[in-house]
Ligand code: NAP
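Okay, here we've got a single chain as structure tokens, the form predicted on its own, with questions on binding and movement later.
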Amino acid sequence: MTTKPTVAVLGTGIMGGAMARNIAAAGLPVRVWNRSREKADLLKDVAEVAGSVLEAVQGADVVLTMLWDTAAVAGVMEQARNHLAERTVWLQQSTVGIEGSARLASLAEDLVVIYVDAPVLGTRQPAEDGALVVLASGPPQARPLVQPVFDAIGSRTQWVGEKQEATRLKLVANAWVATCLEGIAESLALARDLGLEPMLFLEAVRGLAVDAPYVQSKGRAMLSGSFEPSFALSGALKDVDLILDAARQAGTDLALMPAVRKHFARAVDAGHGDLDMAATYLEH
């Protein structure tokens, strides 16, 4: 193994592209591949752009996947079959849920690679700033190899077990994000419908214990109509479905999340799925 692992990044959208750029900036050799070649080409100044999955993974020490869902990740890794070096570390950073992560871990065994489950907390700006929080689960022997990658993309790494505990923790955190987002939207809508200027709500809570940078940034985005996607509403809806699936499996009675899903789905059905998740406010 090299002290500076060669990293293949499969999936260079909003998150994967920013992560690849920061990995390259840290001095690690990077190859990138994306189903839509033009997105990968945006990184040609810092990384080697591969024309195929096989070209990207050939000889890579770490293969990082940041794709839409379980099916997309599995399909791409199947293309890499028989072209991965034994003991390659598969750094799976997409949000795929409990069943998805278990399926991918099983695929990793079949591919004879080391599986590290490592979803991240954060959206576009933290990804661009290299300030994501990495939640990681995997065998101890993989940690020295992947830590330089984590240091490049994140402000800190939280190791949680050796199986897929990181995915479970990601769902827990995402449940809070979705609840908070919908709470902001509802408070702004209530203020409006009560005949108040909605900005008064943000001013009222500013600096209090119940305030947070997220409350102010998302609330102001809602009111200004600034919905350039940091994380698309369609992705937030997908993640809420994963949260609800996990809760059903665990027997947890989530009272708020079904209502959040209803409102997210309403906004997606209205055509706002490609906008930032703050666009849920548009349908309140």
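Residue indices: 1-based, along the sequence shown. Please read these numbers as outputs of a predicted model, since none were measured by experiment.
The same protein has a further form, the form predicted in complex with this ligand, not shown here; the description that follows concerns it.
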(request) Name the single residue among T88, T157, S137, T123 that comes within 4.5 Å of this ligand in the predicted complex, judging by heavy atoms. (result) T123
(request) Consider the chain as shown here, without its partner, and state which of S36, S52, Q249, S224 has a heavy atom within 4.5 Å of this ligand in the predicted complex. (result) S36
(message) in the predicted complex, does V205 come within 4.5 Å of this ligand, counting heavy atoms only?
(response) no
(message) Can you tell me if V32 lies within 4.5 angstroms of this ligand in the predicted complex, counting non-hydrogen atoms only?
(response) no
(message) Test of understanding: in the predicted complex, would V112 fall inside 4.5 Å of this ligand by heavy atoms?
(response) no
(message) I'd like to check something about R220: if you look in the predicted complex, is any of its heavy atoms closer than or equal to 4.5 Å to a heavy atom of this ligand?
(response) no
(request) Tell me the stretch among 114-122, 207-215, 137-145, 191-199 that has any heavy atom within 4.5 angstroms of this ligand in the predicted complex. (result) 114-122
(request) Between 61-95 and this ligand in the predicted complex, list the residues on our side with a heavy atom within 4.5 Å. (result) M66, L67, W68, A72, V76, S94, T95
